[in-house]
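The form predicted on its own is given below as one chain in structure tokens.
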């Protein structure tokens, strides 16, 4: 690990944000409390067979009732920011088709005020995978263009009630993951897919992901334009988007595999970032998909041109190899099809493994990927300010584990340390990174894995909901103390 004699020699900028991340469905619980409506994840998790351990987020870690205790835990660690998401169905139980739920507004106001009272900056995601089920039932959610107006209406309420105190806004968390798993593999709500892509009763894996993505991209543009024209000057905040960011390493030095790695990135992340920042889809997508890629109208392009981003959030956990499937013989697998860019991608291909395996089949430890993905974003998007909005390690707790084994998470500390070192290298080379958020403050509901995978700096006993500090929380506390509170000699934008 890189060691710095004092915080003045730290590579992290003087106003750097160190925080932890969470999301409403994974943390809050309070399933239908105080007027909250049903969302798509509520409906999905209540269907038998959707979640590995048969669980759901009805209670989660009960952050809704225990947020004061959790904010105290943050203060002990010394974070100066907390990234959380708002539950759309808690604020608008039926979307635009119903009234604003005052109890939901009051809850988020209490949380925001509690954070600010302890010197912790709220970093707010407007939606993190969850939408009111009402919108799914009425017009198939992201497949219906009407959702653009619905999302704008919802965001306007968020800016109105919270924007006087929230200075960092995220429109969407990982739309690439939500669209791919919801409309291509069908593993997540609304569980739509076709053919060899998954086992669903409805959907079209080769068309619907691009329709849903187009509506989501235009929803982002509408909300950014709304914020910039109606709120930003008065409220003084910034608005961006958060992408799941995998580093794709060419399997070999061949030209074919290098191009495959670029296609993998274009069909996974640039699919969303290019239209938002550059005004159109990546060239590789146009070349391969042709008319199957929904085109942006002249009016749409104007919307995109006047929106853009103040920052890009990156959720980075792992790296994958990419192997050419366009010009080379290639086995079937994730990424290998035409609508995925003819680039097989996996953490292990042909016996080559990109890093140390972990408890999760998709997460391999490859710290070098952090520097590489940050540098890639820096070069492609003109060094737009970046935040690492999630990074962490998931583990499985063995039955009847002793408390010392539960809290002595050396493996997580080694992971966080190595990835932060790699991030520091990227910053020293000129990457405009403004913050880092560990996933997560607490063990929580981990989507289709249920409660079987634990990412927390604090252990949660799911029987009692008691929180216990892990070694990683203590390590992060020391790291933050070493690298923060450096005096700023001049104001930074």
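Bear in mind that the values here come from a model prediction, so they are computed numbers and not experimental data. Numbering follows the first chain given and starts at 1.
There is also a form predicted in complex with a small molecule; it is not shown, and the following applies to it.
Note on contacts: among 128, 323, 220, 90, the single residue with a heavy atom within 4.5 Å of the small molecule in the model of the complex is 128. Residue 362 is the only one of 139, 352, 362, 381 with a heavy atom lying within 4.5 Å of the small molecule in the model of the complex. Proximity of residue 96 to the small molecule in the model of the complex: non-hydrogen atoms within 4.5 Å are absent; the residue sits far from the partner. Contact between residue 315 and the small molecule in the model of the complex is found at the 4.5 Å heavy atom cutoff. In the model of the complex, none of the heavy atoms of residue 159 sits within 4.5 Å of a heavy atom of the small molecule. Taking non-hydrogen atoms only, residue 188 approaches the small molecule to within 4.5 angstroms in the model of the complex.
Between 64-72, 464-472, 445-453, 44-52, the stretch whose residues reach within 4.5 angstroms of the small molecule in the model of the complex through a non-hydrogen atom is 445-453.
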